[in-house]
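The chain below stands alone, shown as structure tokens; this is the form predicted on its own.
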């Protein structure tokens, strides 16, 4: 057993949409907690996931956040507020950037990434930069000017190139984060998240919806768990899919209800993997006109869905 002192703290994971924040969280935890799709805007609420190690004794309470970008809609403003709020109550901030993206002209740093780092540094906590998706950079020497530019332009606590999808170079990141955490313990052993299973169920249904629908529909759906009951053999879940246009209801249901069946089937398999038991899942669809354009409705439906 290591004689090193235990360290524990909170770390916000922030960055632009689709840079791999949720994929990185899952890789660090060694299991799926956050839903992941190839569409921006998948993460809608801050999600706590606790990494734990015995040697050295470490607890890192990661807070996955919605993508930070200039809001283009009411729902976008609500999600931006959620992400910005995560920066306040943390011991360090992990900013994730896409190694394949460049800025304007010859600038190796994208302006939107730079803005997020500036916001994080303004809080006064250590900022660690994760340069993600390095596996997609065909010419590895191209990474050197990126790393040099970040180092010259910002006072970062550390920089770590990695691949979240391939789980490559994660340990150096964990080591850097641990170095900036206070001594102590935050949670009991085996604690993973403060989110109830109902929240995880709603998220898995929404993940399946996002993968099976097209165009604007994925960004205008929310999921509410109406019933969650467990008996000795099966967990019974009833969920309502909320869309903001009548035309979207038909798209989600599909011809003869086939798309909704596929959505439910895929979500049920994920739920059975999560719960390690048989699941009966029943989905309903309802319209709540223009909920994504009403800030009160947007906050209610994104936070209701968050358990």
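All of these numbers come straight from a predicted model, not from anything done at the bench. Positions refer to the first chain, counted from 1.
One more form of this protein exists, namely the form predicted together with a small molecule; it is left out here, but the text below deals with it.
Contact with the small molecule in the predicted bound form, defined as a heavy atom within 4.5 Å, holds for exactly one of 36, 48, 52, 33, namely 36. Listed residues 197, 163, 224, 235 were compared with the small molecule in the predicted bound form; 163 is the one with a heavy atom within 4.5 Å.
Note on the interface: of 110 to 118, 182 to 190, 152 to 160, 128 to 136, the segment with non-hydrogen atoms within 4.5 angstroms of the small molecule in the predicted bound form is 128 to 136. Mapping the unseen interface onto this chain, residue 297 falls outside it, with no heavy atom inside 4.5 Å of the small molecule in the predicted bound form. Heavy atoms of residue 22 reach within 4.5 Å of the small molecule in the predicted bound form, making it an interface residue.
The small molecule is not shown here, but in the predicted bound form it comes within 4.5 Å of a heavy atom of residue 17.
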